[in-house]
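The chain below stands alone and is given as structure tokens, in the form predicted alone.
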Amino acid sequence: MKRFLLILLLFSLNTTSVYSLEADVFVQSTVNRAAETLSGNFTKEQRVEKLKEIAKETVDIKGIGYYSLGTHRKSLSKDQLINYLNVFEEYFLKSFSSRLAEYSNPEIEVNSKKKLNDNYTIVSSTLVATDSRPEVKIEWRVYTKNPENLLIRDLIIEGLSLARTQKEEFSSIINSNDGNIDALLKNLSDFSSK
């Protein structure tokens, strides 16, 4: 009975109303919500919208956006930064949801957690293998400074940081356009409007 109640809690968890949630429980509840959406009887468009809502509640989109800009952030005016964050959020949500919407019933098992400091905990998990895909190791970098509002800051898939990869890509776009942030904004906007 206790196990059933725990599973029920994980599936119905609304992370915005939970006080001092542990990082591993937060990640498991997030992946359970995503899995429920992906295995449910929804159209692709409905899945995308539901996944966007999950991302808005559980991912530090603004923090990832700042990190992805790297040192280029310092050269932006306040208006440019606001514009960038708006464009980045649209880009991030579309990229995140459209990639995930292709999966059907992904099973992710949370294995362990390691507190790095008061601000960050790494949660280790495994995407369970199927006949069509191998097992994948995924680490979640969870921002834990506010225990009432945990947020995902990065995914490290088989040792590759998605945030770091994105930062390098953004820097390459800006540098190849003589430091012009507008080239990056156009690139992100073009992706979001497809």
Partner chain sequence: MYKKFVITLVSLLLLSFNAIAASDGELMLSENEKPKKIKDCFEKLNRATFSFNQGLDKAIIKPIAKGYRKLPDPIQKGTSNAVKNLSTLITIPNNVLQGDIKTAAINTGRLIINTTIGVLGFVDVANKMGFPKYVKEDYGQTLGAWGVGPGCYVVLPVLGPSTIRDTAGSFVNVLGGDPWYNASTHGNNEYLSEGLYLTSKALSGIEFRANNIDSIDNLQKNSLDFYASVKSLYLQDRENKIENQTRGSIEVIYKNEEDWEEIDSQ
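Nothing here was measured: the structure is a model prediction, and the numbers come from that model. Numbering follows the first chain given and starts at 1.
Omitted here: the form predicted together with its partner chain. The next part is about that form.
Chemist: Which of Ile156, Val48, Ile54, Leu38 has a heavy atom within 4.5 Å of its partner chain in the model of the complex?
Modeler: The option sitting close enough to the partner is Ile156.
Chemist: In the model of the complex, does Thr126 come within 4.5 Å of its partner chain, counting heavy atoms only?
Modeler: Output for Thr126 is no: heavy atoms all beyond 4.5 Å of its partner chain.
Chemist: How about Ile108 - does it come within 4.5 Å of its partner chain in the model of the complex, if we only consider non-hydrogen atoms?
Modeler: No, no contact at 4.5 Å.
Chemist: Whether Asn119 contacts its partner chain in the model of the complex should be assessed with a 4.5 Å heavy atom distance threshold; does it?
Modeler: Contact with its partner chain, yes.
Chemist: Would you classify Arg141 as touching its partner chain in the model of the complex, given a 4.5 Å non-hydrogen atom cut-off?
Modeler: Contact check for Arg141: yes, within 4.5 Å of its partner chain in the model of the complex.
Chemist: Which residues from 68 to 95 come close to its partner chain in the model of the complex, meaning a heavy atom within 4.5 Å?
Modeler: If the 4.5 Å heavy-atom criterion is applied to its partner chain in the model of the complex, 68 to 95 yields Arg73, Lys74, Tyr91, Ser95.
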